[in-house]
Structure formats: structure tokens, C-alpha cells
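One chain comes next, on its own, written out as C-alpha cells in the form predicted alone.
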Amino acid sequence: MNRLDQYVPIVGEDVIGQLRQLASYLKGLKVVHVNSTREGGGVAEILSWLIPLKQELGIDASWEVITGTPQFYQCTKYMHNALQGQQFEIRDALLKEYERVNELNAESLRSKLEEADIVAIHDPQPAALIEHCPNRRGKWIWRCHIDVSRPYRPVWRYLRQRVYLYDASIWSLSEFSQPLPHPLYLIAPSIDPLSPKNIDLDTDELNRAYDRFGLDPRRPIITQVSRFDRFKDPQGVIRAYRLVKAFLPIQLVLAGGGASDDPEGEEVLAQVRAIAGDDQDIHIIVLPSDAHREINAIQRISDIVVQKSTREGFGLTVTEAMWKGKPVIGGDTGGIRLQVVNHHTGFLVNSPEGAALRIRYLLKHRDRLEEIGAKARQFVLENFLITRHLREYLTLMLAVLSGNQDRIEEPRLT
């Protein structure tokens, strides 16, 4: 059985048939995705699922990863923060390094990128590649996974000069976008229900997770899974935990790791450890980027999952927890709002005090906890699985290749 057929018991035969029908117009199409890391973070996870599925549908899809220097990643981290609203003045020397690294990567990738029918560039890191591919014959799409609704304007103006050159751009939510001279498309991220991070686990494996991470199965577990990043507000999660612990005997898990293109992770992790102090019920679990089953098990043995981000492009950890039937208490921001329907699939909060209030409510009302968890799983089934994501990518490719046609009769690959 090929991989697409394995989704039939989850989403139904009609959904898979529709994917094959759409892809029949795109067979042989050369599609190249480019980002800045092969592991760590949601973009790399999504590409690791999407590329094989596109290949199975007959599309010549590939995935390239640019390499950079520490100064390059420092620049793109500042750029990421500034695009999400922080006032970061990026020194000219760092911007020149950003441009130099993109030029060097373009030299090694140029022939492949210029020959592709569609090139999808993910986020700011490789956005300047387009300037160094003057003989490109296909369509270039910039895929922005972050919230650019209120950017620090000098940094956005700098990046916009590069994004302006693209034929289209993709955003997770309409409010994340900025005006551009090309078509803007909306595609929300997704999870793969067949991935090690999301498949069902047996009781023995879950019991081993309690032992491995030193957790007490008799007391409630509150968990946040995320990179150690200031925008994920792990300090606020610890504050909420302490407010609840004054009334209930709970445990807190902060699990995650870093990404190769995020130089601030170690600094944030050190701050979190300092704030946690010697509290034996705060479990800070640093995991490698491929610890998918471990994350799966931690989410499944948790009573409540928290994602108290202050800014969030989408938040795939929210989707993962909801798929496992867990109510999510999330920051009232970005893509979390798209997933957490307040009082139905979880709760939206704006402060540690608000998070603590909702945690106490759910732990005191177990029937509501289970009801919200069931609604959360159904919501993900209907909206945020990889099959929906793939369908929208296929539809977008047809639209981009067809230009201004009112009706698509045949694919236009040249």
C-alpha cells in the first residue's frame, strides 16, 4: 500500500481521489522548496511530509536547504523578531552577510532553481535567492510562516524589496500579510496523522514515558511543547503553574529543543532553568529534533496542553495536542486563534493569571475537559491534516501556472 492510501481510513476515499485528480494536471512538474533547516521547527516537519506525497502523485518535487554563518543566522533571527513587531535595528554588516550568504547559496542552487517550474522559498532566510537567479523560467512563490501583521517598518521595507520580485506569496492567515504587487494566497499549516509524532501509542509506551521523565501518573500534568523562544513565553507558563500549584498538586513539563537557525535558544533555556530553580515538579526536558515519539507520548500523558505564545505564526504543537484529544490553553494571538475556538476546543488567554484560571477550571471539571478535548480532535480532522494542506498546494500550483485564465482547461507548464 502506498502512503496516500494509508490516509483513507482517516479522511475517506473521496479526499484521496480528489488529490489524485488534481495532481493529474501536474505530473512531471519540477517543484523546488527551499528553507534554512532540515530539522527543528514546523517548516522542516511540514516539508518532510509534503515532498514525498507530491512525489507519489507524480510531481518532480525536491527540497533544498541553504547553509549560513553564525552572523547570517543572527541577522535572520533579528529579522524574524522585527517582522513580529520588535524594534530591532539590524546593523549594515549583518545585512551584508545576509546578502552574501544568499548569493553563495544561489551559486550552488542556481541551475536547479532556474530550471524549475515552481520554486517555493520559505521565510526570510532564503528570500534573497531570487535576486541571483536572473534566468528563472518558472514561477517563484514566497511562503511566509510568521506573523507580519505589525512589523518593524525599516526591516519589512528591506525584506519587501526582495519579496516584491516574487510571482505570488502564501500566508497562514489574512491578517498576517502585507500589501504586495502579486497575488496573495492563504494556506494554513497542518500535521501528518501518520507521523511518529501523531500516531496512536500503546499503554506500555505511555507508561514508560512516566518513568523516563520522572512524572507521577497520580497527579495532573500540564505541558508546553515548543522551542525555547521568548515568543513562546515559557516564563509566563511557569508563573501560571505556580498560581495553580497553590491550590492543586500539579506537575509542569516544558519540553522541546532548538532549531539550527535559531541562535537564541540556549540563552532562553538558561533563563527558564534559573526561573524554575529547584522545584522538583517543573520538568524541563530538552529533546533532539527527531524525538517525535517522545513528544507524542508526553502530549498523550498530559491532562492539559498549554501554548502561551505572545506571537505565533501558527503553532503546530497546538494542532498536535488537539489531535490527541487534549484541551489547549493558548495565547490569544496569531495562528492559535485559528485553532482554539474559545470555550469549545480550548481557551484563549492573555496573561499567566488567565492561563491559571482556565487550568484550575478544567482540572475541577473533568467532564468539560474531556468534552473540549473531543471537539478539538474533530476540529483538527476537519481542518488541519496534511491531506487538506496538500490539496491547497496543488490547487495553488494550478492557479499560479494558469495565470489570469478564468477557467483551467489544461496545465500550462511552460
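A residue's number is simply how far along the shown sequence it sits, counting from 1. Bear in mind the structure is a predicted one, so any value in this text is a computation, not a measurement.
Although it is not shown, the form predicted together with a small molecule is what the next lines describe.
Enquirer: Does the small molecule, in the predicted bound form, lie within 4.5 angstroms of each residue among D233, R239 and T333, using heavy atoms as the measure?
Expert: Not a single listed residue reaches the small molecule in the predicted bound form, so no.
Enquirer: Taking the shortest heavy atom distance, is L109 within 4.5 Å of the small molecule in the predicted bound form?
Expert: Flag for L109 set to no.
Enquirer: Just checking whether Q251 would be counted as a contact of the small molecule in the predicted bound form - the rule being heavy atoms within 4.5 angstroms.
Expert: Judged by the heavy-atom cut-off of 4.5 Å, Q251 is well away from the small molecule in the predicted bound form.
Enquirer: State yes or no: in the predicted bound form, is some non-hydrogen atom of H80 no more than 4.5 angstroms from a non-hydrogen atom of the small molecule?
Expert: Outside the cut-off, so no.
Enquirer: Check whether Q125 has any heavy atom within 4.5 Å of a heavy atom of the small molecule in the predicted bound form, and answer yes or no.
Expert: Result no; Q125 lies far from the small molecule in the predicted bound form.
Enquirer: If contact means a heavy atom within 4.5 Å, which one of 68-76, 136-144, 155-163, 308-316 is the stretch that engages the small molecule in the predicted bound form?
Expert: After filtering at 4.5 Å, what remains is 308-316.
Enquirer: Looking at V225, V119, M322, I304, which has any heavy atom no more than 4.5 Å from the small molecule in the predicted bound form?
Expert: Only one option qualifies, and that one is V225.
Enquirer: Have a look at I221, I295, V101, V148 for me and say which one sits with a heavy atom within 4.5 Å of the small molecule in the predicted bound form.
Expert: Contact check passes for I295.
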